[in-house]
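In structure tokens, the next block holds one chain alone, the form predicted on its own.
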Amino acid sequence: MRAEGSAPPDRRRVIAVLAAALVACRAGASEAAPIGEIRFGLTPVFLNNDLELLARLQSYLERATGHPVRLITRRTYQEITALLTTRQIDAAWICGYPFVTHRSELQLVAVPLWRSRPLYQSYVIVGNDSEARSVADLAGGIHAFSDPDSNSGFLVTRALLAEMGVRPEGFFARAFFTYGHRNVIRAVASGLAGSGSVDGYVYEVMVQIEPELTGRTRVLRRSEWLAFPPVAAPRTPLDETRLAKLAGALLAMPADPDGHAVLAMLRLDGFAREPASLFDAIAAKVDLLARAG
């Protein structure tokens, strides 16, 4: 017999379901981006351990776009790329390697200008006491890569080895990933690795800000000039107006005192619109690896 005032079983189930749905809805809303917020992802290509730089970049972008901005940082390129391809963020400063491998899912927003060009190089570095004179001399040693989805920190050297008819696991006695270009430099400088693959832009910035670290290394090989790591967005943007404002803010940085200050901290000259064909040389390296198997 049902007690007076108690809800029928079906009604109790309905109430429980509605309560659970309300809790889930509130939990989801707490993690969702506020209306109008620009979510901008940053990968290890960015010098992202500089808290002042991040704060000034966020402040500039908020003022220039008129939107709240959240900077999303992750440890690996794969994590940020996944956020882009699943349309969880508006845009991200990524690497040319994931950009070309996901070209059908992404659009090019802007490319940084370093030394007045949208280009950079990959470096193979060694300790300054190394006797190596070419990459071939590194056989049997320990090598530090940056990230498996990095152009300068993996793809360029991997493609070079493929042209030599070898793979990293057969050429080096050991190879490992540091998940950061600075970490590659530290690994080689400390002797943890005999050589490393690193972003030439990051290396040259480190020469200026940490000369005592880079002074324990030297550049063994510089690659050809390649497209600088770009800012990309989902091919179908989360919000076209927000994305246009973000692109405009990046392009306007050199003419704005705060934007110019951020660029100075990055040792960059600005951002520019460039054709996707700028990345064809990187795409050719991806194709080379696909053929090599």
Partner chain sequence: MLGRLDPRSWPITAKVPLAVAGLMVLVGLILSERVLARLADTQERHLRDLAQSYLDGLSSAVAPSMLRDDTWEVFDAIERARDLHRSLRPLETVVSHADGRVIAASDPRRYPVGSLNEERQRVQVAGADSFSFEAGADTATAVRKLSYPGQTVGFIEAVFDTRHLAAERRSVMFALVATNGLLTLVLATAGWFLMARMMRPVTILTNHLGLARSVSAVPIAEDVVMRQRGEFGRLFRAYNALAASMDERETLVKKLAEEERLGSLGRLASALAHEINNPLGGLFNALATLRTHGHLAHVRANAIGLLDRGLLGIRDVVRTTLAAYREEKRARDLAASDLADLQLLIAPEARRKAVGVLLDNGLDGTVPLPSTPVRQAILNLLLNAVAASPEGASVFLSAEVSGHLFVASVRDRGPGLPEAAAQVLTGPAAATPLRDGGLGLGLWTTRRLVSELGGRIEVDRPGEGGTVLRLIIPLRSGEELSDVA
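Positions refer to the first chain, counted from 1. Being a predicted model, the structure only gives us computed values, none of them experimental.
The discussion below concerns the form predicted together with its partner chain, not included here.
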Testing 106-114, 173-181, 153-161, 201-209 against its partner chain in the model of the complex with a 4.5 Å heavy atom criterion leaves exactly one stretch, namely 173-181
Using heavy atoms and a 4.5 Å limit, would one call Ser190 a contact residue for its partner chain in the model of the complex?
yes
Just checking whether Ile142 would be counted as a contact of its partner chain in the model of the complex - the rule being heavy atoms within 4.5 angstroms.
yes
Its partner chain contact at Arg221 in the model of the complex, heavy atom, 4.5 Å
no
Partner proximity in the model of the complex: Arg133 to its partner chain, non-hydrogen atom cutoff 4.5 Å:
no
Under a 4.5 angstroms heavy atom criterion, identify the one residue in His102, Arg74, Arg167, Arg186 near its partner chain in the model of the complex.
Arg186
